[in-house]
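Presented below, as structure tokens, is a lone chain in the form predicted alone.
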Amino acid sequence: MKYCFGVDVGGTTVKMGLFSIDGNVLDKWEIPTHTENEGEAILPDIAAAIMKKTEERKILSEDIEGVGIGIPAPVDGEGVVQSTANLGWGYKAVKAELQALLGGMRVEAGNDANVAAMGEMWLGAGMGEKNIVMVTLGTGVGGGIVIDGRMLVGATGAGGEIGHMCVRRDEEETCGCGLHGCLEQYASATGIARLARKRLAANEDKSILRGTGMSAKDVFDAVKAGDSVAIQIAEEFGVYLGEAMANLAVIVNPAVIVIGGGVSKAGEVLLPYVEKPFRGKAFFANKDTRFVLAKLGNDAGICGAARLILS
């Protein structure tokens, strides 16, 4: 049997998976992410964990196709990152360094959001398709784009940063990236909560949201309960995200748009609010683009990382 490893590096833990080359997950585990001393231990820890697993499983080095790794930062085509927000790294030649630590074993590296999109294309909601967009709605808005089965990386590894498309030119508040009017300010979990606070402050309409923390979950729970104010907030969110996806679809022409992240846990109720404005603004060739919820959850990263080796 031939094997590969998928690694998903996060700020707190590193998720790891052992795969057969036909896509079966044979083992999953986690190790801590040691970010102290500029993250100097992260790659050695990953290499040690992989070598330990090969010994436990009695896997010969010639039977390992390689190791794929997803990093929470732009990663260029050579597997290099210039800096990371939460790993402590500055410039880091991830691919070359990990390959050396693993005795020359093949390594492929990518941005974690792009890698997650690869996972959903391979084993998740985009299975059977080669052209997908994945948008992850969490604290921020992440994104990954796969075209003809390959990640869209870009010149510096920043391809697919969907959350920082400008969707409102008159926005005065600043996005975390330093710009104004980014999609992230309206479609992330924090952005939806912000829309809710603004709408409720602007009127005295009765709403069950007034007795909550007005989180994104509270909003969609209230939508499910038929709350009219929550429905207006969901519609506003949907216009921002749906129209942004229509603009993106003109460029990349995806077969499927996969919605993941914490906000997607609201379930199928979420999709019509995004689909309606999308279809209203979509170029005719994109009218039939499907919207689906992500299926792999926290495993998308390790699955996509493994797919980097098997592509």
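Each residue number is its position in the shown sequence, starting from 1. Bear in mind the structure is a predicted one, so any value in this text is a computation, not a measurement.
The next section is about a form of this same protein that is not shown, the form predicted together with another copy of the chain.
The partner is not drawn, yet in the predicted bound form one stretch among 193-201, 118-126, 145-153, 213-221 has residues with heavy atoms inside 4.5 Å of another copy of the chain: 145-153. Taken together, the three residues E161, E243 and K281 all come within 4.5 Å of another copy of the chain in the predicted bound form, as judged by their closest heavy atom. At the 4.5 Å threshold, heavy atoms of P254 reach another copy of the chain in the predicted bound form. At a distance threshold of 4.5 angstroms between non-hydrogen atoms, N247 is in contact with another copy of the chain in the predicted bound form. Another copy of the chain in the predicted bound form comes within 4.5 Å of no heavy atom belonging to A96. Another copy of the chain in the predicted bound form comes within 4.5 Å of no heavy atom belonging to V229. Residue M165 is the only one of I208, A100, A189, M165 with a heavy atom lying within 4.5 Å of another copy of the chain in the predicted bound form.
Of the residues given (L26, A285, L60, V269), A285 alone sits with a heavy atom within 4.5 Å of another copy of the chain in the predicted bound form.
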